[in-house]
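One chain follows as structure tokens, the form predicted on its own.
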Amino acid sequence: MDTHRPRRSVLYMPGSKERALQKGKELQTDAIIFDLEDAVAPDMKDIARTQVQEALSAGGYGNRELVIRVNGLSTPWYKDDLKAAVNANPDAILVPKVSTSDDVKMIRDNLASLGAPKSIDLWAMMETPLAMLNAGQIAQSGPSDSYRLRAFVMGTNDLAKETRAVLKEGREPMLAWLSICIAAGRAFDIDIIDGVYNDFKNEQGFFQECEQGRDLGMDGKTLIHPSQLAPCNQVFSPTREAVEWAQKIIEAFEQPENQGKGAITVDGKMVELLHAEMAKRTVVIAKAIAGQTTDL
């Protein structure tokens, strides 16, 4: 399980904008999605593919996780996008409108036919009504020796369009679908990245939606503007108090007198082994964030 890699902030970068691709090397984002899909006009697809390949080949992105979003399986650009993505050798490839486990199989077959390195991960956009109905089956297809399905990315804008639900403050119409995908992902060790917040100038609204996503169980959030990075990283990072408490739990369970116990008392509070496992993840993520911030 890839629990050590923070995915708090995941910033979309249009593949057709060379200046933006270069700017990504300086931004405090955990991951960059080099977009060949929605952010790129049809007449700019070829240019975007070339620029993304050149950007990844040139390097300079530090420890940031590099992801390429291709166009969907049914589009005329998918095959060329996938070939370009394989040539660029990113950390992961993000595919829109994944709706069934058969879609995941097809993508893996396509990658294998292109001779793609097996270490490339898959990310799936969860943004159709069918994906909501099949979330468990899609997640179950995730574990694999090659092209592992590593993350769900919630496509809330497309989901609202397809379902006719209203995107509004609090996202009440979306909560059931967000929770379904979180449950499916957690069952099969798949990270969950929340959808974008469109009104990027509304700082308070954005911060509240980040908190909501975190409280629901999300690992991070996709972003459309660099101004969203700092608050997003803040919300999805473990607090100092949380890390200190986690370390105290771990140390307590490591004491000889507590070996083999299922529950113990720490500072007057009962904690169980499940809390110890949660504590270990908190500490690992905090250390990864600290190291990553230094290296970015």
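Computed from a predicted structure; not experimentally measured. When you see a residue number, it is the position in the sequence shown, counting from 1.
One more form of this protein, predicted in complex with coenzyme A (COA), exists but is not displayed; see below.
- In the predicted complex, coenzyme A (COA) sits beyond 4.5 Å of every heavy atom of F207.
- Although the partner is absent from this view, V196 contacts coenzyme A (COA) in the predicted complex, with a non-hydrogen atom inside 4.5 angstroms.
- Contact annotation: D35 falls within 4.5 Å of coenzyme A (COA) in the predicted complex, judged by heavy atom distances.
- Shown alone here, P226 lies within 4.5 Å of coenzyme A (COA) in the predicted complex, counting heavy atoms only.
- Interface residue among L27, V266, I47, A242, judged by heavy atoms within 4.5 Å of coenzyme A (COA) in the predicted complex: L27.
- Partner contact region in the predicted complex: 217-225, out of 217-225, 73-81, 161-169, 183-191, criterion any non-hydrogen atom within 4.5 Å of coenzyme A (COA).
- Taking coenzyme A (COA) as it sits in the predicted complex, the stretch 17-54 comes within 4.5 angstroms of it through a non-hydrogen atom at K17, R19, A20, K23, L27, D35, A39.
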